[in-house]
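Here we start with a single chain on its own, the form predicted alone, put down as structure tokens.
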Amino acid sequence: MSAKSEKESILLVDDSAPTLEVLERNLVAEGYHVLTASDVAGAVAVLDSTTVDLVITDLKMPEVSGMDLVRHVRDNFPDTGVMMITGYPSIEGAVQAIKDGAEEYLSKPFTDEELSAAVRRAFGNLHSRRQRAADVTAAPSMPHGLLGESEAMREVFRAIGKAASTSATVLITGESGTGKELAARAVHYGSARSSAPFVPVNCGGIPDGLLESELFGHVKGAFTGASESRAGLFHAADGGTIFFDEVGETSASMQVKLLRVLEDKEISMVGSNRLRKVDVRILAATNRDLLVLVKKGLFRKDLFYRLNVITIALPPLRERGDDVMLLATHFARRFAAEMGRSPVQFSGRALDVLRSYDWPGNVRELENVIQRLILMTDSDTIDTPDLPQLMRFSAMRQTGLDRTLAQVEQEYVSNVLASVGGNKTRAAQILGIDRKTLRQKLRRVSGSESAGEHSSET
């Protein structure tokens, strides 16, 4: 490693003077600025007086353990990375160290190369965390709630800008919860019709028997209960925009009527033969593949092409990268303000879990999760244990077809144990084995780790 123009600082904590000397010599040679402490009390004093980028601590020390130091750093210095080293390796220790905030866990004996690689990984994690924190303060956003800086969302913003500059019909596609109505509002309020009404219609939420009356209005006596004439949503949207959400849910007869409005710009109230011209721009959205519905005969081909003049495709949240962190921070600030709370932050570990989760419910699911966290969490920092258990566990899953069956089992056992906070009884229940079998598997894991460490000790 080449010397650094601004040296990254490392605090080494170990009660063994020879170990401290060897570690310090190696890390100084790597170009780091190194501080040392022989116990946790000394380390706390250094942290209180000096800015430290990374703490590397031994686990077993007299009086106060390295695990306590890890917790102290996480609670008081969220911008500092932590790495644990120990001569007593065990899967329980690794799980607890990671759970408490250590970003790397290195077992003795280890080589100089292994130490260097672990430190680089720890700094890589720290730099990523700092970059994400910096990014959330400079996130570009569109009006009316759309937020994002991923390339996928930038493409959406460009499409919205083009759609807003025309009067063409727009079809907005995307999974449930991706923000289709927000995109429709952005198109409307960015257009020349922005001062006129924007009228949303949930096609799936209005019974088909009532939808025609809701859209076109009815005259007195048109049907039982029609005691007076009533204007419809097309009348309300005249001069503005009407937005058909989940347009794929409309019936065949309603599709014919919508097609007629698109072609002739005329409507007639239920119970009347009189046609009336309307000046309404139509936007539509669907979470279904309309072409598939067309092939099945469930959606009119001519209506599909009338709607699909301009298409805006909203990406699922799982394809938006670090937008997850931007949105989580945005929702946390909003809900904290609504509840009169001080601003709430996320730990680096919690952000990593949020980033890796699949989000089947997309932005709506993320918003609900953040609202629940703000309601249920008393601390000003949301950490991994505060997140829903399913989310924590799914984030630990890894893929890859280059591992042995034993390695896959070892990883799965470790992940399950970590997901329940080290509770062996609960882990055994999830795995479908008894505690004795679980203990045997854990001993095999620890034994294989120890057996594999025959390199020169640092």
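Note that this is a predicted model, so its numbers are computed, not measured. Just count from 1 along the sequence shown to find any residue number.
Beyond what is shown, the protein has a form predicted together with a small molecule; the following relates to that form.
S.K.: Identify which of 254, 294, 182, 159 has a heavy atom within 4.5 Å of the small molecule in the predicted complex; exactly one of them does.
M.R.: Only one option qualifies, and that one is 182.
S.K.: Check each of 320, 349, 193, 218 and return the one that places a heavy atom within 4.5 angstroms of the small molecule in the predicted complex.
M.R.: By the 4.5 Å heavy-atom cutoff, the listed residue in contact is 320.
S.K.: With a cut-off of 4.5 Å between heavy atoms, is residue 247 one of the residues that contacts the small molecule in the predicted complex?
M.R.: Residue 247: no contact with the small molecule in the predicted complex.
S.K.: In the predicted complex, does residue 384 have a heavy atom within 4.5 Å of the small molecule?
M.R.: No, no contact at 4.5 Å.
S.K.: Does residue 268 reach the small molecule in the predicted complex if we count a contact as any heavy atom within 4.5 Å?
M.R.: Contact with the small molecule, no.
S.K.: Consider residue 363 of the chain shown here, and say whether it contacts the small molecule in the predicted complex, taking contact as heavy atoms within 4.5 Å.
M.R.: Although the small molecule is absent here, residue 363 would touch it in the predicted complex, with heavy atoms inside 4.5 Å.
S.K.: Which one, 325 to 333, 229 to 237, 369 to 377, 305 to 313, holds residues whose non-hydrogen atoms are within 4.5 Å of the small molecule in the predicted complex?
M.R.: Every other range fails; the passing one is 325 to 333.
S.K.: Would the small molecule be touched by all three of 147, 175 and 178 in the predicted complex, meaning a heavy atom each within 4.5 Å?
M.R.: Checked in the predicted complex: all three residues contact the small molecule.
S.K.: Quick one: in the predicted complex, is the Cα gap between residue 322 and residue 119 smaller or bigger than here? Answer closer or farther; it shifts by 3 Å or more.
M.R.: Distance between the C-alphas of residue 322 and residue 119: longer in the predicted complex, by 3 Å or more.
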